Structure formats: structure tokens, C-alpha cells
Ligand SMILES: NC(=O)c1ccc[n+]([C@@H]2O[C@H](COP(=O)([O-])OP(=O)(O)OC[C@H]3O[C@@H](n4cnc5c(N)ncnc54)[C@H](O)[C@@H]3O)[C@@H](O)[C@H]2O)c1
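In C-alpha cells, the next block holds one chain alone, the form predicted on its own.
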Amino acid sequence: MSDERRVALVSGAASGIGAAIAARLSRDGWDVLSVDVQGDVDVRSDLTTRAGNRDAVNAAEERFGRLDAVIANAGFQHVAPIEEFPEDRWDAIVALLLTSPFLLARYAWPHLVRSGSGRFVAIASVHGLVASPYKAAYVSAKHGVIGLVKTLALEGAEHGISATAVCPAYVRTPLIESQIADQAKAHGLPEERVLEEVILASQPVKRLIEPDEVASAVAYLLSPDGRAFTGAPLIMDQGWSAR
């Protein structure tokens, strides 16, 4: 990479993992364009649409004149059995978790090529490697995004572009913390027991990952030391997939 300040686009940056990534990269000297559909971000954009993804990439170019890294993080969850799973929720989850990373890569590709050492990082999930019941759309999209980064890695190799999927287990985000309270009420258990016995039941290590831990993994992948990581998931799942 050159001595110029590097530029990263981070989607889903209003809170949780995305906010931690944006903050870490800023501390590391990156210029960051934070994108979300709402919240305190640089660009508000609906990434379930083609125009929203195109506008986000264009905003990075207009503001900074370059784009060196894309971190596709935006997402949400819906839990329901297959026979009850709302079709519109399927469409929205696949649009945001799988189609948006594809579109961000497509629109950013010329900029990543010009960078000479472009980086594409998708925040996938342990659910890109294993499945859980009642999460058909989320699991399908996360499996798909791992396939996407494998393809991007092959196409980007000759241009110095790397593509990686970070696969964490449960991370301490507002979404997960609200589930702890809801599950405690539903099961009649104290919250500390819900965390270990319900949410973290599949993990040998019974703790939530902190957003800053995921941000540190992304920062490493974007650093010169991370250039050998491409076309594969970076698994940080507390031993879940070792079972």
C-alpha cells in the first residue's frame, strides 16, 4: 500500500460490530466511510437496493477520491420455522446479507483494482459453516457469502485484492443482549443461566465475543500482515464448529 491514507467503507456501522470496526480502523489511520440505513453514520443508505449499494461506493469516491477496502457487515436476523418463515423476511435477509456484499464488491471492484492491494472482508458468521434450526434465511445467506469471498479471491488475485469472511460465534451486540432478556423471561431462568444454557449451548467456551475482538480481526486482515488471508473464512467461534 502507498503512503496515502487508506479508505475503507464499512456497512452496518451504526452500532455493534460495524461501529467497532469503523472506530478501530479510524484509530489505525484509515479514512472510514460509515454506512447504515439509520443512525449516526456518514451515509444513510438502504443496502437492500442496488441504488443504495451503488450510492455508498460512489460516496466513498466522492469524499476521499479512492477506496481501498470494503467491510460488508450489515445484517439482521429473523427466527421462525420453515413452514412459517415470512417470504418477505427471506427476501430482505438475502438482499442485505448476500446480495449487498455482491453489489458492494461489484461497484467497488475498479477502485480496489486501482488500490493495488484492495481488501474485501465480509462479516459472515459461524452460521456460514454450521446450521441452526429456525434460521433458514440467515444460514443460507451466510453460507452464500463464504462462497462469494472464495470467488472474489480467485478473481482478485492477479490484482492484489484479497477477500475474506470473518466467522464469529455470538457477539455482544444490542440484538443479542435483548435476546438474553427475552429468553430469560420465556424460560423462567436468570439471565446468566440463559446465556450459558440456551444461547451459548453450542459453544464449548461459554462467553460472548466482544465487538472489539471482531474489529481487531478485521484490522489484522487489512494490515500488511494479513495479506496472505484470502479465499477462506477466518473462524472465531469459541470452538463451536469443532464439535
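Quick caveat, the model's predicted, so the values are computed rather than measured. Residue numbers run from 1 along the displayed sequence.
A second form of this protein, the form predicted together with the ligand, is not displayed here; the remarks below concern that form.
Report the residue, out of Ala169, Leu103, Ala141, Ile161, that has at least one non-hydrogen atom within 4.5 angstroms of the ligand in the predicted bound form.
-> Answer to the contact question: Ala169.
Report whether all of Leu9, Thr99 and Thr151 sit within 4.5 Å of the ligand in the predicted bound form, measuring from non-hydrogen atoms.
-> Checked in the predicted bound form: no contact with the ligand for any of the three.
Spell out, yes or no, whether the shortest heavy atom distance between Val198 and the ligand in the predicted bound form is within 4.5 Å.
-> Output for Val198 is no: heavy atoms all beyond 4.5 Å of the ligand.
Exercise: Ser178 in contact with the ligand in the predicted bound form, heavy atom 4.5 Å = Output for Ser178 is no: heavy atoms all beyond 4.5 Å of the ligand.
Report yes if any heavy atom of Gly118 sits within 4.5 Å of a heavy atom of the ligand in the predicted bound form; otherwise report no.
-> Flag for Gly118 set to no.
Does the 4.5 Å heavy atom contact test between Gly16 and the ligand in the predicted bound form come out positive?
-> Yes, contact at 4.5 Å.
Heavy atoms within 4.5 Å of the ligand in the predicted bound form: which stretch among 122-130, 83-91, 152-160, 106-114?
-> So the stretch in question is 122-130.
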